[in-house]
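The chain below stands alone, shown as structure tokens; this is the form predicted alone.
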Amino acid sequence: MRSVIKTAKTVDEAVAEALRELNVDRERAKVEVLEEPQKGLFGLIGNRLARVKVTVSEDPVKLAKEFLYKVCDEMGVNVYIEDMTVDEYIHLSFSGKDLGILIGRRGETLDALQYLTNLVVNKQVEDRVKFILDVQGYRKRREETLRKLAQRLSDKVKRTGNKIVLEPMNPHERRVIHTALQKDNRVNTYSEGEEPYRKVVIAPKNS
């Protein structure tokens, strides 16, 4: 978020000067009038100029794409990024060739990029936004793998009567496990540990 404070003879003139400096249209800016202009004695002595604060309303998607294109360029990866808003999340999907480097081992690189994108953008916008990054449908495939894993481990827990602690997962992947087993009346799921090492536990319901 960028702001400037300008003074001029009128509010309109002060706003126009601020918009020129910020290089933005009036529609993208928030204007706060700090002081109204006022004429002094006989219109000469003690005149007070208009004083305004103009703040740019940054586009979070534009900021995110600029950041990610720069990172990908540094990594030597050519990508195209599409955006789509679903509920409270902004989904950014990468397409291109040889993008495995953006995913990393079990999605670790993709998770890191997602974390950094949220961090960088939310430092520059007024209202908090949430981004989910995906590379050529990796998230969907990973979710399906996790659902199958949850079912397989649930069956093992019911068969042995012993709880199972999964490997550390990010919040989104933990939620997939919890959701997959929430209707199973023979097991409980809960998370334990501290980020980024927080894990899902699958346990018999009577434990």
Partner chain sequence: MRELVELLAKALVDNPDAVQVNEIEGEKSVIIELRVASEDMGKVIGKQGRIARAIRTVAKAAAAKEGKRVVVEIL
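All figures in this text were calculated on a predicted structure; none of them were measured in a lab. Numbering follows the first chain given and starts at 1.
In what follows, reference is made to the form predicted together with the partner chain, a form of this protein that is not presented.
Visitor: Considering the partner chain in the predicted complex, which of Glu126, Glu82, Glu88, Glu74 comes within 4.5 Å of it through any heavy atom?
Guide: Selected residue: Glu74.
Visitor: Within a 4.5 Å heavy atom cut-off, is Leu113 in contact with the partner chain in the predicted complex?
Guide: Flag for Leu113 set to yes.
Visitor: Considering only heavy atoms, tell me if Lys148 and the partner chain come within 4.5 Å of each other in the predicted complex.
Guide: No, Lys148 sits far enough from the partner chain in the predicted complex that none of its heavy atoms falls within 4.5 Å.
Visitor: For Ile132, is any heavy atom within 4.5 Å of the partner chain in the predicted complex, or not?
Guide: Contact with the partner chain, no.
Visitor: Answer for Arg26 alone: is it within 4.5 Å of the partner chain in the predicted complex, judged on heavy atom distances?
Guide: Looking in the predicted complex, residue contacts with the partner chain do not include Arg26, since no heavy atom lies within 4.5 Å.
Visitor: Just to confirm the contact call: exactly one of 26-34, 173-181, 64-72, 156-164 touches the partner chain in the predicted complex at a 4.5 Å heavy atom cutoff, so which is it?
Guide: Contact criterion met by 64-72 only.
Visitor: Could you pull out the residues of 100-122 that have any heavy atom within 4.5 Å of the partner chain in the predicted complex?
Guide: Residues within 4.5 Å: Ile101, Glu108, Thr109, Ala112, Leu113, Tyr115, Leu116, Leu119, Val120.
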